[in-house]
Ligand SMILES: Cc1cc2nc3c(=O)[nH]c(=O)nc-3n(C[C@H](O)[C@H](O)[C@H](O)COP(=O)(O)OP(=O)(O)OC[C@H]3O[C@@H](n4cnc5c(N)ncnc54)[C@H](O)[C@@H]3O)c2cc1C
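Next comes just one chain, in structure tokens: the form predicted alone.
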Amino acid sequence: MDTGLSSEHQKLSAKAREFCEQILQPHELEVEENRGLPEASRPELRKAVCDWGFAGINHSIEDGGQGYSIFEQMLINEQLGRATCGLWAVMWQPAISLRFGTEEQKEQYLRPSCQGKRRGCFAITEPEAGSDPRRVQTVAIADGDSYRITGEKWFVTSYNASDYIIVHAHVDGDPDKPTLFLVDVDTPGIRHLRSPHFMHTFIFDHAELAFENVRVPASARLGEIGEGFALTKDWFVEARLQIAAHCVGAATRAAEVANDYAEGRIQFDQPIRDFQAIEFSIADMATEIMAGKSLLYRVAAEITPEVDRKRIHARVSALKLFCSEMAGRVVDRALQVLGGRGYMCENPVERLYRDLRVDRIWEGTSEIQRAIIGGQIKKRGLGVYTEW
């Protein structure tokens, strides 16, 4: 079995790495110092995404995207994961849920988003609803030919770079009627509560929003009433695959920085990599990255439109779990190899250390991934994970 990358895939991966190193990484310290990407730098980066052909990589050409396969998207996201401070978010990937929109919705939201003319964010989490979406308190009440949305949302990532929001709400307050709505940010009744700071530095914010009797037309509903959770799960699958790819790229960069440092750092008249403690640490990092990358490539290669939706969900949960925890272990070892230098904010490993911690939390915690995996085993047997 040939498991090597084709020449086209090698070129795509190399191009993505070049984009990361030439376009994204020069902005890392700027973002760190400003706790976000300054407005003045955004047009330049948006233009670069388009110029390099990375606008809307996760959507079809018909919908304004690049038409890349899941595997090709993974190759790109792996290399973008090498950037710190969430700079990979510069490259917009409109929520996959939008492909299920009406033609009017695609024309109004999806295609302009793929072209970089619009940008959306996803509002799911609430003060009392995180891992359990049935506890969502945001309601959408039918009012003639419109809906009125009321509720509060937390952790709305990239709100300050977006002009519309995909809102997860319960129609009539019924948890059996989860539904998505497309809401422009300038719609009356939306109130920005705050954008708190977090452990990591991210180019955009993670906002808290209040929806106070926000009126939207019935045409703003994305999908049918009650389909919201299924569409949100599709978005989670896409986001978890992206996270796994970012984790592999980030872990690889951290290991490379540590390996180079261990080669050049002389103590007791020899490079520190010659000490077995350091050598074994680097060996462990390399082995973990190899395992994570193998799983990432295998899962991504098998995702096609024909594959069962539930099987994809099951395997991507295992992928996100393993790669996020693997990256945490790798970056911790890398920082230890670097010693005090690894603890300095100017060092990419220090920033990666903070960046990677959230990957075990957002888009489904490690505990939720284990619950999904355990549930799949109960329903379908170990073969979902062991017989492939």
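Residue positions are given as counts along the sequence shown, with the first one as 1. A quick note: this is a predicted structure, and the numbers were derived from the prediction, not measured.
There is another form of the same protein, the form predicted together with this ligand; it is not shown, and what comes next is about it.
Enquirer: Tell me, please, which stretch of 22 to 30, 357 to 365, 60 to 68, 330 to 338 lies within 4.5 angstroms of this ligand in the predicted complex when heavy atoms are compared?
Expert: Partner-contacting stretch among the options: 357 to 365.
Enquirer: My question is simply whether Phe275 lines the interface with this ligand in the predicted complex - judged by any non-hydrogen atom within 4.5 Å.
Expert: Heavy-atom contact with this ligand at 4.5 Å: absent for Phe275.
Enquirer: According to a 4.5 angstroms non-hydrogen atom cut-off, is Gly86 in contact with this ligand in the predicted complex?
Expert: Contact check for Gly86: no, nothing within 4.5 Å of this ligand in the predicted complex.
Enquirer: Contact between Trp92 and this ligand in the predicted complex at 4.5 Å, heavy atoms?
Expert: Judged by the heavy-atom cut-off of 4.5 Å, Trp92 is well away from this ligand in the predicted complex.
Enquirer: Any chance Ser146 has a heavy atom within 4.5 Å of this ligand in the predicted complex?
Expert: So Ser146 does not count as contacting this ligand.
Enquirer: Using a 4.5 Å cut on heavy atoms, which of Ala140, Ala123, Cys247, Ala254 is close to this ligand in the predicted complex?
Expert: Only one option qualifies, and that one is Ala123.
Enquirer: Check each of Ser131, Thr287, Thr304, Asn213 and return the one that places a heavy atom within 4.5 angstroms of this ligand in the predicted complex.
Expert: Looking at the other structure, the residue within range turns out to be Ser131.
Enquirer: Report yes if all three of Phe155, His200 and His206 come within 4.5 Å of this ligand in the predicted complex by some heavy atom, otherwise no.
Expert: Looking in the predicted complex, the three residues Phe155, His200 and His206 all sit within 4.5 Å of this ligand (heavy atoms).
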